[in-house]
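First, one chain by itself: the form predicted alone, in structure tokens.
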Amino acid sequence: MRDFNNAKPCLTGKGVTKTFGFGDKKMNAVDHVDFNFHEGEFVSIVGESGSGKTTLSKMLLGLISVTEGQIDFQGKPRDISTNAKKKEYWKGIQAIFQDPFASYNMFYKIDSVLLDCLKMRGDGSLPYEKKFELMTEACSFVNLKFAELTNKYPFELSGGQMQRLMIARIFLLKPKILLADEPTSMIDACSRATILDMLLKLRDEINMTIIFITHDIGLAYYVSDTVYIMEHGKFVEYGPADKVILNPQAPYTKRLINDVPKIYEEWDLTTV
């Protein structure tokens, strides 16, 4: 695990809150959370369904507004007040989502998906031969062959292939921050390990910050430098992965760890 005590923060939050509803039905989905994510850091945000993880990720991406608090990007207050500023922000932060089938426009061929990435990063005017070379390189990074994908539609691929194609997009865009919201939950265990290794390789290659949203605390321990534990919209514990997982302090963290089934022990279902 790396030490990020003296590293440069790239995304920070102070008192970040998201409130839904009004009056008696008002609810804080994310409740005054603080965070510091650093360049090159692999951060996991862990919690059960309904804990506020996905709501927080949507605020980080600028897909939903912040009710209260402030988010800073690259050391400055984030400004996404116009569509142009939001598009500029998205050059620095991108996402891979849980459902690969909902992540693509199924009427757009794979060529268009990758060409849009080149256009977004400012390489839209390159000769097609150079674009073909860059798209081939990106697909090769995720063990896909672009020559076999060209002129195909996303629905012609498997779920695992579509998730790998999402990582190929990230390879082309090279954002400062990648937000991965349960990117392995819909695929088999073998493909899951492959995709996680690809994310780690991508992090090492371009010093990208990865924010990994998951309910799987074992997976978080495997990949993370830093772990944030989220319960009812609040961070109840955070710190280096070894410290949080091997020496948990919060009762909620202890319960998450105890709830992980072990094949060599009888399962305790009393907490379910």
Partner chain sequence: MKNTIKQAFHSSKFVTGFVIFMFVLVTIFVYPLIVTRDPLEMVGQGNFFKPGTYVAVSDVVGTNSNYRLNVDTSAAKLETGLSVENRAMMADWLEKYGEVPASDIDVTDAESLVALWNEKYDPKTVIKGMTIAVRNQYMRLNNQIQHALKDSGVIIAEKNEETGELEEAKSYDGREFVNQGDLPNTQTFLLGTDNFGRDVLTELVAATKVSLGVGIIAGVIATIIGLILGLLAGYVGGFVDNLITFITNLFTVIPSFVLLILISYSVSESARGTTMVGILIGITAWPWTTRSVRSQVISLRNRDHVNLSKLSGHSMMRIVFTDILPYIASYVVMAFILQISSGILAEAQLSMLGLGPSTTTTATLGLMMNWATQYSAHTSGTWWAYFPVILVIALISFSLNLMNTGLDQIFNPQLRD
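Residue numbers count along the first chain shown, from 1. The shown structure was predicted, so the numbers you read here are calculated from the model rather than taken from an experiment.
Not pictured, yet referred to below: the form predicted in complex with its partner chain.
Interface residue among Thr136, Ser103, Thr150, Gln161, judged by heavy atoms within 4.5 Å of its partner chain in the predicted bound form: Ser103.
Think of it this way: in the predicted bound form, its partner chain has a heavy atom of just one of Leu199, Leu172, Ala95, Val142 within 4.5 Å, and the residue is Ala95. The stretch from 142-150, 128-136, 115-123, 68-76 that comes within 4.5 Å of its partner chain in the predicted bound form, counting heavy atoms only, is 115-123. Taking the partner from elsewhere, every residue among Leu61, Lys87 and Met166 has a non-hydrogen atom within 4.5 angstroms of its partner chain in the predicted bound form.
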